[in-house]
Ligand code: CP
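Before any questions on binding or motion, here is one chain by itself as structure tokens, the form predicted alone.
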Amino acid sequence: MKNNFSKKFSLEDVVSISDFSRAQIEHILSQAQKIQKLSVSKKTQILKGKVVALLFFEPSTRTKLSFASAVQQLGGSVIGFDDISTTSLVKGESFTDTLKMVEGYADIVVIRHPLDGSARLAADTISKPVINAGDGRNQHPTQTLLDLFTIQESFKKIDGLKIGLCGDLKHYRPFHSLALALSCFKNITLYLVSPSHLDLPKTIREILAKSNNAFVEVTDLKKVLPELDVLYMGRIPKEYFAEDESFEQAKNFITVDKVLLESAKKNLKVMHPLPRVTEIAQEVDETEHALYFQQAANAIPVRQALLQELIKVKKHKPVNSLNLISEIQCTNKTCISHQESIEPKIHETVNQKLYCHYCGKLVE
């Protein structure tokens, strides 16, 4: 397949969904549709002779397996790890030294890491394209691209839909990336459904407020369910709760079952990045509302489209056009800048607000 990177994509890394324009998002979705229709023989030529490193510093099922499958179906090879106890990290090797070592072994590096901003640091450190497969509580851009692909395949559009995000909006990175991506589209009504202490981060809400779309914050899914075209559920991620936060209070926030769905539109689609815990009853799997397993399957063509674009990239040395300040430390305690021996980088916007270069969080 002809690569249109230079004309239509122009990203050298996939770190944040905020780096994407609407045109770039639509290009990936279009390429995913095309690659889905390719014969096996044509697919296996795209990454022939190429190596993709999967560096998973935290557990994963769907993301790791779908990336591995996507690479192998395109004729490439996979190296990497998903258990840091088997690596030199346990001997004290730094994250950046691990990256510099892997840089010599692979053509593309896919990273999943428990700390916010790790993918941005990786992209700044090595000369090979970096794909963020989830960084802490921050973002999960490739999940969002497959989510958008799933919505578009189901409704033949994204503009004009009423979409509910329901669960832990504070910590859960798929919510963060999807909310940001939807701000690129038109006439979206976004319903943010969460316990009051687990609402969407202020930085993201400010971006939504500047978009042309409406968003409504509620704590009761039942009140808005009849309005929705898409209900995007997410689990309450225990691993991201601090000791002073009440996981037990939030873990059973809502369970979507057949009784609840009786008030929904007939064509409502229920999505979930998985794994689910108690937030969607298994009985929903049998209904026409369930879209989450197809959503998971859509990871293959979407991630193949990204790999196809990035494999021909020759990265340029980063040019810092931002007003960077190194004297101020990021106030986000889960940011990678607190672990690695690196100089903090805070950039100042035109309205004099300060944001961390790595995790993107507002410095307050």
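All figures in this text were calculated on a predicted structure; none of them were measured in a lab. The numbering used is simple: start at 1 and walk along the sequence shown.
Same protein, other form: the form predicted together with this ligand, not shown, and the subject of what follows.
A.B. asks: Does at least one non-hydrogen atom of Pro273 fall within 4.5 angstroms of this ligand in the predicted bound form?
C.D. replies: Yes, Pro273 is a contact residue.
A.B. asks: Is there a heavy atom of Gln308 no more than 4.5 Å from a heavy atom of this ligand in the predicted bound form?
C.D. replies: No, no contact at 4.5 Å.
A.B. asks: Is Thr63 one of the residues lying within 4.5 Å of this ligand in the predicted bound form, judged by heavy atom distances?
C.D. replies: Looking in the predicted bound form, residue contacts with this ligand include Thr63, since a heavy atom lies within 4.5 Å.
A.B. asks: Under a 4.5 Å heavy atom criterion, is Arg112 part of the interface with this ligand in the predicted bound form?
C.D. replies: Judged by the heavy-atom cut-off of 4.5 Å, Arg112 is in contact with this ligand in the predicted bound form.
A.B. asks: Whether Pro59, His140 and Gln143 jointly form a contact site for this ligand in the predicted bound form is the question; each needs a heavy atom within 4.5 Å.
C.D. replies: Yes, the whole trio is in contact, each within 4.5 Å by some heavy atom.
A.B. asks: Looking at 160-168, 197-205, 213-221, 274-282, which stretch has residues with any non-hydrogen atom within 4.5 Å of this ligand in the predicted bound form?
C.D. replies: Heavy atoms within 4.5 Å of this ligand in the predicted bound form occur in 274-282.
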